[in-house]
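Two forms, one protein chain; structure tokens for each follow separately as structure 1 and structure 2.
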Structure 1
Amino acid sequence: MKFVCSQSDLNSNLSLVSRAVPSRPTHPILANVLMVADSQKNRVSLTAFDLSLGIETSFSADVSEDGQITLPAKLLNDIVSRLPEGEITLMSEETENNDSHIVALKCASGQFQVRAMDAEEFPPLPTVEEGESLQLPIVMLTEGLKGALFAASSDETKQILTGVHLTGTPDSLEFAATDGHRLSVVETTLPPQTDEDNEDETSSEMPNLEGFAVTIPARALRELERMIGNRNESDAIALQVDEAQVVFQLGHQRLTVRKLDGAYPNYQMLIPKEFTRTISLERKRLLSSLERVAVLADQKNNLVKCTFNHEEGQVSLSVETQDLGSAKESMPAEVTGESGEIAFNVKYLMDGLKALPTKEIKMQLNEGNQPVIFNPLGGLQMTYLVMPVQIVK
């Protein structure tokens, strides 16, 4: 193997795949990145795989000798990220005994020799054989992930709840995540196809999402979010699903992840259809008040009491602790229905408010022990549901 590439190409692609390198690999080879140089395509591909999440990427290089090898991902990343911009030459070298391989990395300032491992030992990334590939506009994924990802459970024992559930209708894709305490549901719609799109040969036809349903680990979706972060929102990403795997392909980058097994909870039946009270108020004002009273709520199971007054057109937040003191903030709000009070875990409330995308929001509720939902006023179709906490009198 021998190729010449730019430091910036090697560095950015190494950083990308390194996200799939496990921090505590179950087998030494998994701490490595697979490097394949192809002289026909004049490209070098990099792959990392933790047996659930795999990331593959490739970049153009001047390949003078085909070959494949695996190299310690962290070490290589640490070296390459510190190299100055410019050309880098990578080549396999012969060693005295044939048990080990050495890869030499040369640049203007010096040279590094890194001990490598055989490419044969590296587990192959799973592929999706059957099934059509859906072309999704990136904007749908961006919106869906921003609104739902944070609500997934980070407790590995909760299995299916550690993922985001995606379901399709003919022209929309719904993202849902819940950890059992709160639920976030975002409905993203396919953009209407314009004449301009039709003229553009590279633009593919809009997919039919009817019947589509899959639960994808939140961890993989966080990497996907990072991957699409600086892409053009109107670009398309290809999505392929089979019995076991989900594959996202974006240009030369591919993310593979094992689906989460099991039935996702029927979350739609948790969302009340009717409400006795509706409160409209300013999102940022509510959020910054919550951040302040949360300082005291920290000491009391994160409990904050929310009082809404129809006559005064006002919402008040309050926290009382025995040891430290108390906090009370009020803000104007449009309250329809009876005045009353309800209590929340302040952290769940803040998480949802941060993800809601609009200036004004609507809060709908019934009696104190029933779920409360938050919607943006205008903009995206999003529902954030929080279970209230019983107020102990």
Structure 2
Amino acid sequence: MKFVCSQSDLNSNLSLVSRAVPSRPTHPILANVLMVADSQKNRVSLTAFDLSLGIETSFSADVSEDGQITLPAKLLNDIVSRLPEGEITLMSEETENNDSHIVALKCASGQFQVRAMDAEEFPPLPTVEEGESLQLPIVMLTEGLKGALFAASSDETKQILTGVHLTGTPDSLEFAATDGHRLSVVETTLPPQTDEDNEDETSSEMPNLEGFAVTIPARALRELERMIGNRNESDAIALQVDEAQVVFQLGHQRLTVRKLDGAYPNYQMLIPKEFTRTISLERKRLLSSLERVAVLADQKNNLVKCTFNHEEGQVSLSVETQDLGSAKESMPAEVTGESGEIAFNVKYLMDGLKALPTKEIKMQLNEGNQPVIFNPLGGLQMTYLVMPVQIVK
């Protein structure tokens, strides 16, 4: 195998796939990246796989000799990221006794040699031959992931909650995530087809999402979010799902992950339908105040008390810590219903406010121990539910 490519191409693509390399591989080969050079296409592909999450990408290169090899991901990443910008020549050669391979990296400043492992040992990425296949606009995924992904659980003992649940209707896709203390639900709609789309015979048909349902690990979706972060929102991404796997295909990049088994909780049952109090206020002002008073929040419970006053038309945030001191901030708000107070985990509150996309938000609640709902006023259809913390008198 021999090819010439730019340092920036190799570095960026290597960084992408390396996120699928396990920190504690169950087999030595899984600590490596599979590198395949194709002289017909003049492309080099890189693949990493931890037996659950797999990422494959490819880039242009001047390939003079076909071949495939696997190289230690961390070592290769550390070397390539430190090389100067410019051309890199990479070539593999067998050692004198032919029982192992050496890969040489040459650049303007010098040469490195890395011991490689045979590509035959590297497990192939799963494929989806049969099952559902959809073409989704990137804007749907971007909105859905930004609004829901942060609320997924990190507790591996609650496996199904470590994912984001996607469900479809004929023209929308709903994203839901919960960790048992908070819930975020985002409904994204298919963009309407324009006259130009209808006239363009090559444009893909809008997918019918009715009946679609899958729970995808949040870890994989965070990698997907990075992949689509610098793409045009009008681009489309292919999504394929079968009994075991989910595959996302975006140009020369592919992400595959084992979907989560089990029934996702019926989260709609958790959302109250009626409320006795409604508070409308400015999102950024509330978030800024929270960030300031949170400096003094007790590290044991991160508690912030929220007092709302109907007569004065304001909301106050207060934090009291026995050893450190106290803080209080107030802001104007439109309060409907009786005055009262409620307490929250400050982190849960701030996470939700950062994800809500509008200038003004609406807060709806009943009694102090019942779920509180936050919605954006206008724009995206998003519901953020937070369980309050009991105030000890």
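Whichever C-alpha set is largest while still superposing within 1.5 Å between the two forms counts as the rigid core. Owing to the predicted nature of the structure, the values given are computational and were not obtained by experimental measurement. Sequence positions of structure 1, starting at 1, serve as the residue numbers.
Novice: Working through the pair one at a time, identify the form predicted on its own and give its number.
Specialist: That would be structure 2, which is the form predicted on its own.
Novice: I want to check residue 323: does it shift between structures 1 and 2 by 2 Å or more at the Cα, with the core superposed?
Specialist: Result for residue 323: yes, a 2 Å-plus shift.
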